[in-house]
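Here you get one chain, nothing else, as structure tokens; it is the form predicted on its own.
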Amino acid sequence: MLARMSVQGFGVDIGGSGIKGAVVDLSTGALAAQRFKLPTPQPSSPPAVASTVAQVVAHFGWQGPLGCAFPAVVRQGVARTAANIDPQWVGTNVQDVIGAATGLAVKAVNDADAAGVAEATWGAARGVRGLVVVVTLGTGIGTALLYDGVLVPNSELGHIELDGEDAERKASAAVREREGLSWEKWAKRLQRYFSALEFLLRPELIVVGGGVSRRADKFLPLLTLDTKIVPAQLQNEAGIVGAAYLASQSPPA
């Protein structure tokens, strides 16, 4: 029997605190090499972030399409919001700026959307029919909506209003660390958030990702929902994997 050939891609996940990237085996969704991470520059201006992405890419000597998971609404390659990154990005073509710094063809997508696509292709949402909500808990709260495995882009449901405040300002993983919340106290905030999502959307499944998903046993059992809620299988690598996959599927806009 012939062995299945590996097709590789490359993804970079730009976050509020770190920029990480890796070569991805697109036949399995696994990283083909250990990821490389650098701190997100402060301020996180377009030139500074693009330069850091170029350093991450150069670490691997990658030549080929580059998928970029970006913390904003991204439409036709242009950032339309900037919740956890410098506001100079609003109205900036992410693909052009990072492409100029790296010399590569870049496909930019919302970071939570990239994670959602990865989970639907290889992870916890694979094969699930109906509506799936993927929620990434990190510096902010990102969301991806998938219906029968098809992405509905740029949902941004981390910004729904809870008790008069933006939800991610009350319930993100960064808030838990900053305020020194116990898992139990944080879970009460998550309960409010996920209950609101459940009421609004009635999904078949909620998948929880981000770095904190590695400790899902500390908080998911404390939640009471009608909807099944599970940790992401690709955890904090989902953004890298999804970005690499999307860059391989369609050319930059």
Ligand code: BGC
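When you see a residue number, it is the position in the sequence shown, counting from 1. Just so it is clear, the model here is predicted, and its values are computed rather than measured.
Below, we refer to the form predicted together with the named molecule, which is not included among the displayed structures.
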Response to the item:
Assert contact residue (the named molecule, in the predicted complex, non-hydrogen atom within 4.5 Å, options Ile141, Val117, Val134, Val106) equals Ile141
Worksheet item: Pick from Arg80, Lys170, Arg126, His159: which has a non-hydrogen atom within 4.5 Å of the named molecule in the predicted complex?
Response: His159
Worksheet item: Can you check whether Ala112 is within 4.5 Å of the named molecule in the predicted complex, heavy atom basis?
Response: yes
Worksheet item: Going by a heavy atom distance of 4.5 Å, is Val73 a contact of the named molecule in the predicted complex?
Response: yes
Discussion item. Residue-level contact is defined here as any heavy atom of the residue lying within 4.5 Å of the named molecule in the predicted complex; does Asn93 satisfy this criterion?
Written reply: no
Worksheet item: Heavy atom to heavy atom, is Asn84 within 4.5 Å of the named molecule in the predicted complex?
Response: yes
Discussion item. Taking 4.5 angstroms as the heavy atom distance cut-off, pick the stretch from 118-126, 178-186, 93-101, 141-149 that is near the named molecule in the predicted complex.
Written reply: 141-149
